[in-house]
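What follows is a single chain, given as C-alpha cells, in the form predicted alone.
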Amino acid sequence: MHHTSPFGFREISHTADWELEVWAPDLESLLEHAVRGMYHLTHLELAPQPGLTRKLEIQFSEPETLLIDFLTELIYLTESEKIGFDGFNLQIQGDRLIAILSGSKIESLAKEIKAATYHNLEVREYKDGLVANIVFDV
C-alpha cells in the first residue's frame, strides 16, 4: 500500500456512481473515514451549531456488511433528518458496533448519494491496516 498517511480517502471517478477508496489502521477508523469521504464527495457542509447526537447499534457478521449498514444509516439520516456528523465515537464489541455520533444540521449539500453498494466491495487487510473501495449510487 503506497499511501503517505496512515488513513484517508481518495475519489476514483465513474459516471453514474462514485467510488471511494478508504484506508485506516482498524475497522472503527475505516468506518469513520468512509463517512468523512462520503461527505466530502457530496460537498456536505454542517451548520455551525453543533449539539445533535445519535446513537446507533449495528449487528454484523463481516466487515463489509457493517460498512454498508453503517453508511446506509448515515445516508438515511442525511435524507430524512438533514443531519450530518463530524464527531465519531465508534466501538466494536464482538459482533456489534456501538456508534455515538455528534454533529449538526446540514447547511449545504451539492449532490445526494442514493446508496452505498456491495459492488466489488471487499475490506482488505494489509500489514498496516485495512483498505476498502466503496461504490456509491448517485
Partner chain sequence: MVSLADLKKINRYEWEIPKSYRSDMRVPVRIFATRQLLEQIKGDKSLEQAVNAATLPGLVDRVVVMPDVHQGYGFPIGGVAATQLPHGIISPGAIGYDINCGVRLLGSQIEYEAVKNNLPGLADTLNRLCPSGVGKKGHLRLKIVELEKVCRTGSRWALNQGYATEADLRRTEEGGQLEGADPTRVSKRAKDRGRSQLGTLGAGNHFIEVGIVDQVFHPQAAQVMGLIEGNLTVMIHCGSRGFGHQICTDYVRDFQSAVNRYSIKLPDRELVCAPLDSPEGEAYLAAMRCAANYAFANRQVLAHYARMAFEEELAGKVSNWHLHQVYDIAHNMGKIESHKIGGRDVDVCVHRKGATRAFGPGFQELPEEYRQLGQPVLVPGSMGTASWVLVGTEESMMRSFGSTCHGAGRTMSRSKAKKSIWGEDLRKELQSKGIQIRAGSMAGLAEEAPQAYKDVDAVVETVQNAGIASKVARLRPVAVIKG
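Residue numbers count along the first chain shown, from 1. Since we're looking at a predicted model, the values are computed, not measured.
One more form of this protein, predicted together with the partner chain, exists but is not displayed; see below.
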| property | result |
| --- | --- |
| Distance check, residue 11 to the partner chain in the predicted bound form, heavy atom within 4.5 Å | yes |
| Touches the partner chain in the predicted bound form: residue 110 (any heavy atom, 4.5 Å) | yes |
| Close approach of residue 91 to the partner chain in the predicted bound form, 4.5 Å, heavy atom | no |
| Contact flag, residue 119 vs the partner chain in the predicted bound form, heavy atom cut 4.5 Å | yes |
| Joint contact, 18, 82 and 135 to the partner chain in the predicted bound form, by non-hydrogen atom at 4.5 Å | yes |
| Which of 31 to 39, 92 to 100, 66 to 74, 45 to 53 sits within 4.5 Å of the partner chain in the predicted bound form, heavy atom basis | 66 to 74 |
| Of 62, 86, 26, 57, the one that lies within 4.5 Å of the partner chain in the predicted bound form (heavy atoms) | 62 |
